[in-house]
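Here you get one chain, nothing else, as structure tokens; it is the form predicted on its own.
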Amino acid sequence: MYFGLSEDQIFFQENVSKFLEDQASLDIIRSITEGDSLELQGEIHSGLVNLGLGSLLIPEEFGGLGLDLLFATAVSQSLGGGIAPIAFTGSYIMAPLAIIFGGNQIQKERYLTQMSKNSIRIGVGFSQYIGARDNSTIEMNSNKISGRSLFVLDAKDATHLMLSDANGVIGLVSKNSSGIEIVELTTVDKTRSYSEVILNNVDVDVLEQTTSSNDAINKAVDGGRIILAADSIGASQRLIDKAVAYSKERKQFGRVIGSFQAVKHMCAEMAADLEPCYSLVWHAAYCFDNSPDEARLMACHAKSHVSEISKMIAKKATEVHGGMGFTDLMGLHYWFKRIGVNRHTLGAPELVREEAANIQNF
């Protein structure tokens, strides 16, 4: 029995990889992270949207492609491998999923149709539901929202913000509404945006079905976790490829370092540890749409396990490069940092494992 990506999924994945290879070289990524090529970043985003990234999960009735999460997972691997400097997990995965599973028909038509046309873009902040911090609360009363949300994904270029309270109630606000203050947060990963949002009695459109059920926010979080795991897999694979290539070129004591047993073992261990992660993440994405009883548990397993494996690979790949691996010239730090931020976004491994235990009533 064959279990893997379909020809269509691989074709789409390869198109995204080819686009990033041509339009987002390491020099361009470096320039973007230094703030010198923001216009070029917009062009990269527009190019990927034209490939269909903005409407992957949106149903066809609202102008989208109507694909499943496994398809989006395949795309996310390419985005991680190419360290794509664009919004994806929040705007194009979590936001549409929350509306699909939590919005009424009017809300779906209002938001999903515009999202499929790329006329609106939504930043997502669910930190209050996943793991609240001190002085970080969100309150929704009488169609008004107030409070403070940390680590809001993709808010920088968004037109709307999707936020939740501790009970999983989801509301959408226009970014241009009065009473909103957005502070861009500085993280080690400069390829994506993370923000703090402060709200003071702002008009909010509460997703109707989330007032009585947490299904919408749980589906959005699960989907986001699987996508982040796939992104880390793509980044990890690129680091392995770079480590192997470097070990075949770099010479010490008159021999390429790839001929030394210690380096061979490091490369083999990275490849052996990463390979099972593919099937784990693909199975989690399959369960998301086809096996609801397993979906939440598999999403937790995928996110927590890949976070640990990718962290190890980032460390070993850098070590294979020796002193050069720690320099800006090699550019390994872009993948290293992306993996590190993915590890903690939407729940660190320890928190996600605790959720998995609770799901199984341990």
Partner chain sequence: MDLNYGAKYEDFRKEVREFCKEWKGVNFKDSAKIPMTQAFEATGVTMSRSEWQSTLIEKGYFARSVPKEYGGFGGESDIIKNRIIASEFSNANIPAAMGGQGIDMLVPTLLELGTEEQKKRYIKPTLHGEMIWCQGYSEPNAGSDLASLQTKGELVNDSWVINGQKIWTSTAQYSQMMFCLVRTEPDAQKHAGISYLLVPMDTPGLEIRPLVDMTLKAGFNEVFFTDVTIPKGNIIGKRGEGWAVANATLGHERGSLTDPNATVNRVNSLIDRMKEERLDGTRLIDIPVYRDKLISIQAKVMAFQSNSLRVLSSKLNKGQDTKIAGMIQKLVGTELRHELEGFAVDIMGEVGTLYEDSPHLRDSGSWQFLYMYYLGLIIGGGTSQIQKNIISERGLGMPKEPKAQGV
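Positions refer to the first chain, counted from 1. Please read all numbers here as calculations on a predicted model, not as lab measurements.
Keep in mind that the form predicted together with its partner chain is missing from the display, and what follows is about it.
For Glu350, a non-hydrogen atom is located within 4.5 Å of its partner chain in the predicted bound form, even though that partner is not displayed.
Among heavy atoms of Ala271, none comes within 4.5 Å of its partner chain in the predicted bound form. Within 4.5 Å of any heavy atom of its partner chain in the predicted bound form lies no heavy atom of Lys18. Mapping the unseen interface onto this chain, Ile100 falls outside it, with no heavy atom inside 4.5 Å of its partner chain in the predicted bound form. Among the residues Lys190, Arg238, Lys175, Lys108, the one placing a heavy atom within 4.5 Å of its partner chain in the predicted bound form is Lys190.
Phe151 is the sole member of Phe151, Trp282, Phe88, Phe71 with a non-hydrogen atom lying within 4.5 angstroms of its partner chain in the predicted bound form. Residue heavy atoms within 4.5 Å of its partner chain in the predicted bound form occur in exactly one stretch of 294-302, 42-50, 321-329, 55-63, and that stretch is 321-329. Residues Arg250, Gln252, Phe253, Gly254, Arg255, Phe260, Gln261, Ala262 of 245-262 are found to place at least one heavy atom within 4.5 Å of its partner chain in the predicted bound form.
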